[in-house]
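Consider the single chain below, provided in structure tokens and representing the form predicted on its own.
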Amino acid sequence: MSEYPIPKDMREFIEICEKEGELKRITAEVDWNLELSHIAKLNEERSGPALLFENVKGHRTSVLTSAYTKTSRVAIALGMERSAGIMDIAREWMERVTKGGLIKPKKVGDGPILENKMEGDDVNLSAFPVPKFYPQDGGRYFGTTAYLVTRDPETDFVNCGVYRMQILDDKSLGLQLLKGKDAEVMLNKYREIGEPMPATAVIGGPPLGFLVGSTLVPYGTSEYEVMGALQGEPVEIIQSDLTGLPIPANAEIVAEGYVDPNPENFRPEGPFGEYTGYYSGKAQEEFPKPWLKVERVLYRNNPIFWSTTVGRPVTDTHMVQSINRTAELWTQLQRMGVPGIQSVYILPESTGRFWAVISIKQMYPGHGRHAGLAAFATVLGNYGMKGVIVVDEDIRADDLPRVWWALSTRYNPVEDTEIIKKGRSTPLDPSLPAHTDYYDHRLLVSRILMDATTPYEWQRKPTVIELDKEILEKIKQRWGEFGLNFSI
């Protein structure tokens, strides 16, 4: 574990990152209009530090970007050693959630988020340094790391989901609630009972909020409880006297209001430069979206606006999705009872969602098929995943050179491939036909399972070349004598 405690809010996270040389303060004046995002994107593509822009043109509020482009900073958020890799973090996540159990949030009466407020006619979302990211974006995006808090009107289940949120005007946030997402399911229930849906957009609070809110946990599992499990203690929440929804007591900025569920009152939103590396959405009247009518904004003294550039891989969006989806896929496979799982890895280069590798210790014929098909059957794998590669236990799921070796020497395309012709997809997938849109019911994608394990039932298996263990141990003890600039 790290010498630092798990940070409970953004300010603690920033403080630790700065102590560890993982954060750079930008004091030069930077324009929120494209300039800020372009600096952040160039920094991210070079694996640079987290950036805190302290002098955004026309604003006094600072903007944090590039927070999670490196695993070392995700490790800081989880209180782990900075050397932890994606798979190490995912395994720790899985174990905290499955072995420690979920932890319900703790209700408190006060917190820093109540230090300031705008309400009614004073609400002005443009008072914050909300960036415009890319030239063809439909506008400024308030929500890229923000999560939307909503409640199921039938069960009282509270969801915290990361959805993109565009400023439509100073009191309105356009919402991208994709089909089947938890908030969209809830919105349909409010439509049935003829009531507006209370909703709250949260920026900041526990740094784990962005990590957890952007993954796919089963419906009915509150992300607040997952956050609690990961930080080892309850998330402190305040029950809003406006919406009745729980909000983190130490959040930076909270926009509260209601969403009209009537499609006739939806509004155009987008386009937006998405995590796939392509623009998605059309700001046309035939594709309107739900929107949050903001009635109140709460914010801390000197709030920090948290943003991510999104765009083509690898940004912190892809790193976050790779980590949290790897962790959640691993968790769901464990809960399904799939035996022999050694490691799981969803590649950040696959936008953190479309391709997974699973390493297994085989115990019976067809074990590789079992693991791969089970991955597609999980809540996470069922939504948009295109490919799973299964390898033997001698290969870590994140050791891609060895994965390629397995595909080259243990995989027979005719015998070891399974094709699923129709699976649930997402309108954000640019490989779908261009005419497929937000409301299209043909959001289907094919899937491929590549079983690169040596068949369990073979009586004679190829002999793998291995180094002599005794000689290897002797060499390790003498390694310093050889003057080589890497460790083993």
Ligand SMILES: Cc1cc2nc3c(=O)[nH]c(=O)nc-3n(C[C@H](O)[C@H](O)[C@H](O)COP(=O)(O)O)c2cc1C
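None of the values given here were measured: they were computed from a predicted structure. All residue numbers are counted from 1 along the displayed sequence.
From this point on, the text means the form predicted in complex with this ligand, which you will not see here.
Enquirer: From the list Met80, Leu373, Leu187, Leu178, which entry has a heavy atom within 4.5 Å of this ligand in the model of the complex?
Expert: Contact check passes for Leu178.
Enquirer: Considering Ala75, Leu216, Met94, Val123, which brings a non-hydrogen atom within 4.5 Å of this ligand in the model of the complex?
Expert: Among Ala75, Leu216, Met94, Val123, a heavy atom within 4.5 Å of this ligand in the model of the complex occurs only for Leu216.
Enquirer: Going by heavy atoms within 4.5 Å, which of 315 to 323, 332 to 340, 235 to 243, 193 to 201 lines up against this ligand in the model of the complex?
Expert: Selected range: 315 to 323.
Enquirer: Indicate whether the candidate residues Asn43, Gly48 and Lys70 are all in contact with this ligand in the model of the complex, with contact defined as any heavy atom within 4.5 Å.
Expert: Checked in the model of the complex: no contact with this ligand for any of the three.
Enquirer: Looking in the model of the complex, any heavy atom of Val162 within 4.5 Å of this ligand?
Expert: Because a heavy atom of Val162 falls inside 4.5 Å of this ligand in the model of the complex, the answer is yes.
Enquirer: Answer with yes or no whether Thr144 is in contact with this ligand in the model of the complex, where contact means some heavy atom within 4.5 Å.
Expert: Although this ligand is absent here, Thr144 would touch it in the model of the complex, with heavy atoms inside 4.5 Å.
Enquirer: Might Phe133 be said to contact this ligand in the model of the complex, defining contact as any heavy atom within 4.5 Å?
Expert: Output for Phe133 is no: heavy atoms all beyond 4.5 Å of this ligand.
Enquirer: Is there any non-hydrogen atom of Glu252 lying within 4.5 Å of this ligand in the model of the complex?
Expert: No, Glu252 sits far enough from this ligand in the model of the complex that none of its heavy atoms falls within 4.5 Å.
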